[in-house]
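In structure tokens, the next block holds one chain alone, the form predicted alone.
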């Protein structure tokens, strides 16, 4: 079967620059939306996975396995587990055991601000820096107990909707009706912790009027998870549950899976709308070329060859739009911070996401061209040549 040359399809795109430009732009927008959806899902999943360590175990209240914030355990659990379980990781004799309180509180930049934002505040002791090794203090120092001092993660300003300059070291924040001084900034790349605020454990307990902790996070050295689990099961009076940190964040990822499904559904619905719009454009474009298609058949080109040439036109436009969308996605979407209930994560536009976008662009060009091309070639040759 004789085929039409590829440059024939290329020249046909140049016959109507406006139509070609709109086709490229439409494909670009659809593919960009798919890239954004894939980047959203990938970024959220990676952030939650990176927040856990497979050598860390969390002790929290029985029945609160899905939310540390709802958990309450006695304040003595940290010292009890450090004394009862041998083999925990230590540094210069200090066990890597971090007793913590996790609570979301309304935070204001000024006492009279009308729009407080909820921020996850973690009450910790200095031992938290031994356990959470991904946390690095980038400016200032660790908060001191008894001084209402606070240390902010690098993504906390975005979580609060404030500028970096508003939350410089030395400035103040209002938590509920209390004034707190920002004494440090920290980074925890790729984790949800970078959208948190850390303060002294005793200060947060006093501010929230609670005597219990939320959890104890500990690092396994020579010990195994079974040792911690046995401690939790034996101390029935403490009402504890032991859970690996990775499993806890995997549970959070499962909890947010419906959100990811909604994002995908929205992207696919809008992509379907873009596909229908592209079909209409192609129907109009190919319908105006019925006489040309009839003449090509008179010249000896079979309908299969003509369909292939029309599909090539559509694929060229869609591929150009997909490449443009990939460039925009890498330049503007990769790393873009997104707020959600437990913190902030960045969109991830990696090679897998880009490949998905390019594949979507090719599918868009193929599906968008075949029905109009087949319909345009359905007429007999004499009627095609008589078409206006």
Partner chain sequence: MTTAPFIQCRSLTRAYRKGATVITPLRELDLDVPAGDFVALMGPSGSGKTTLLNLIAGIDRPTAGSLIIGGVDLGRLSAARLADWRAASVGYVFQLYNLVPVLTAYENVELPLLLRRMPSRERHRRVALALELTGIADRHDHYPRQLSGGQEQRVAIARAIVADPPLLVADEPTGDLDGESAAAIMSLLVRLNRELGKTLIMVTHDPRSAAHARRTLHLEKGRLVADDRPNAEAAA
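Note that the coordinates shown come from a computational prediction; the quantities given were computed from them, not determined experimentally. Residue numbers count along the first chain shown, from 1.
Beyond the structure shown, there is the form predicted together with the partner chain, which is absent from this document and is the topic of what follows.
Enquirer: Please identify, from 88 to 96, 294 to 302, 216 to 224, 262 to 270, the stretch that has a heavy atom within 4.5 Å of the partner chain in the predicted bound form.
Expert: In the other structure, the partner sits against 294 to 302.
Enquirer: Should residue 15 be counted as a contact of the partner chain in the predicted bound form, where contact means heavy atoms within 4.5 Å?
Expert: The answer is yes: residue 15 has a heavy atom within 4.5 Å of the partner chain.
Enquirer: Can you work out whether residue 375 and the partner chain are in contact in the predicted bound form, taking contact to mean some heavy atom pair no more than 4.5 Å apart?
Expert: Residue-level check for residue 375: no, no contact with the partner chain.
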